[in-house]
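Quick heads-up: it's one chain on its own, the form predicted on its own, in structure tokens.
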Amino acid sequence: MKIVETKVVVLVIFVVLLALLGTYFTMIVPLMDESLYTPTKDARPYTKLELKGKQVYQREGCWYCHTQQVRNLLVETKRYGMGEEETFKRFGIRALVQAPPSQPGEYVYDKPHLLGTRRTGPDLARVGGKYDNSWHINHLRDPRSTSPGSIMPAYTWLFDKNGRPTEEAIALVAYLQKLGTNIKWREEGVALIKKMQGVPSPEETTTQTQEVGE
């Protein structure tokens, strides 16, 4: 080390080598991970309507206040998952289904990515399917009507003079409903809970019925 400290040229070469090694292992190696380019099994490209909605989402600056990434933290997987009321209403059981952390394969068809860094509003990575289309329309028209206390601005220009949603509003809702659907986490989570509770799946019920009939 004394040689390195006393010889300027040697010191510069040493620093450059360290920088190159650091760059290689922190930037190049991660980019070799195939999961970054492999879609999840349920991933599908955006439709034309959804792509138009994404353009509206970007233009209106929605990504300034909303992220699209669920981190591997218990507080986030619980918050953005399904509560007991939602699971009961949709699947007939009362249980908390945690949202899975975001996976690289979900974003394969995203160009550009809109992961975001600021959460003035809630994360939207798992919002697809959480609400019906009418909820989103009302939320865009008057955020306080669906989310009391919300500081989100009303996007009145996405509606005509009669208050009906324009094509852009419909496209934006289609895009929001797409978010998070590249993983069938709701269905898989409920199926796992039912299995743990000993509730037979539809396939098992059908098989049992056929066996009784025979």
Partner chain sequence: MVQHEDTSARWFIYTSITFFLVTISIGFIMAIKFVYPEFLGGIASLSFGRIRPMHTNGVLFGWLLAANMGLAYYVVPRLCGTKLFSEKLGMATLAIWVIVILGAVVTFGMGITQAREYLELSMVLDILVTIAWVMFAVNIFATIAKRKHEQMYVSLWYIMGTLLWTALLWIVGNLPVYSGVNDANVNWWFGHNAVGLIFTPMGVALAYYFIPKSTKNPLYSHKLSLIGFWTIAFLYIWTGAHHIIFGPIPTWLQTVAILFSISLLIPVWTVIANFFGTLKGKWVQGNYVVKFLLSGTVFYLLTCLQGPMHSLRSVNQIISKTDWIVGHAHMAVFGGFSFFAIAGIYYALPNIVKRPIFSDRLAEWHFWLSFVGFLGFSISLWVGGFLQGLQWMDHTIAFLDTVRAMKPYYVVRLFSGILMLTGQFIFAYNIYKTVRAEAPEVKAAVA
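Numbering follows the first chain given and starts at 1. Not measured: the values here are computed from a predicted model.
Below, we refer to the form predicted together with its partner chain, which is not included among the displayed structures.
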Subject >> is_contact(G128, its partner chain) in the predicted complex, heavy atom dist at most 4.5 Å >> reply: no
Subject >> Touches its partner chain in the predicted complex: G61 (any heavy atom, 4.5 Å) >> reply: yes
Original post:
Heavy atoms within 4.5 Å of its partner chain in the predicted complex: does T47 have any?
Top reply: no
Original post:
Might S134 be said to contact its partner chain in the predicted complex, defining contact as any heavy atom within 4.5 Å?
Top reply: no
**OP:** Tell me, please, which stretch of 153-161, 184-192, 169-177, 39-47 lies within 4.5 angstroms of its partner chain in the predicted complex when heavy atoms are compared?
**Re:** 153-161
Original post:
Which residues in 17-31 have a heavy atom within 4.5 Å of its partner chain in the predicted complex?
Top reply: L18, A19, L20, L21, G22, T23, F25, T26, M27, V29, P30, L31
